[in-house]
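Read the single chain below, which is given as structure tokens and is the form predicted on its own.
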């Protein structure tokens, strides 16, 4: 358990191809067999369709890989995930989707994270470290008990967001400083993560041509981040979330409206699973509900 309602699930898989930050897996209950080989009756109320989760970490383990998934318990499927015990089986399909691009011309990366949008950006921070990109993470949550990180007791996050500090073990291990914001001010900066981004860059200006922003979280937050980046002339990549029944582009259910000069309307429907979940922020036509 990372914090209230937030958990980390580690899955060991064999025959796995490497996954890049931004890609995801589809997780569902394994066929009716327990880890010890015993047959298990179907669970009443368990959803038939898998759920998509971003890869939050990946490492070689023995003859396979370990995949970290960070999630918040919100329904039956995530409740089942919380109940999994060591040795139990699950079905994992992946890696799927388009990852975040890393441009060697961008020397500074800002990660703008909303709550459980953490996993792909935590994994991305590792890749950026390997690429020698200076990285700063900004994470926003409603309150301190919903921050899905292990805080360092002797390094409190700044309350004015004017500077980033190494205040969370997960990012400090990657030498990535952080700004944390909460809506109620119970930890770090009081306000939204986008307001914290504005405060940080006012205090420590960045060069637009050398900076890239990556963001994942609530769509309203990503839209506000994308608008700030547009005004600042900064490249921005967003990791979108949609319900995905198949994850392969077959069911055509996970649409994201994007710009397209090929259609008279100037827009088309892209599939989040196969064309995304990572999109250039400038291409996304945000839903009016996110205004």
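Residue numbers count along the first chain shown, from 1. Computed from a predicted structure; not experimentally measured.
Another form exists, predicted in complex with a small molecule; not displayed. Remarks below refer to it.
- Taking the partner from the other structure, the small molecule in the predicted bound form has a heavy atom within 4.5 Å of a heavy atom of residue 242.
- Within 4.5 Å of some heavy atom of the small molecule in the predicted bound form lies at least one heavy atom of residue 119.
- Residue 237 falls outside the set of residues with a heavy atom inside 4.5 Å of the small molecule in the predicted bound form.
- The small molecule is not drawn, but in the predicted bound form it has a heavy atom within 4.5 Å of residue 71.
- The partner is not drawn, yet in the predicted bound form one stretch among 168 to 176, 134 to 142, 207 to 215, 111 to 119 has residues with heavy atoms inside 4.5 Å of the small molecule: 111 to 119.
- The listed set 84, 76, 93, 203 contains one residue whose heavy atoms approach the small molecule in the predicted bound form to within 4.5 Å, identified as 76.
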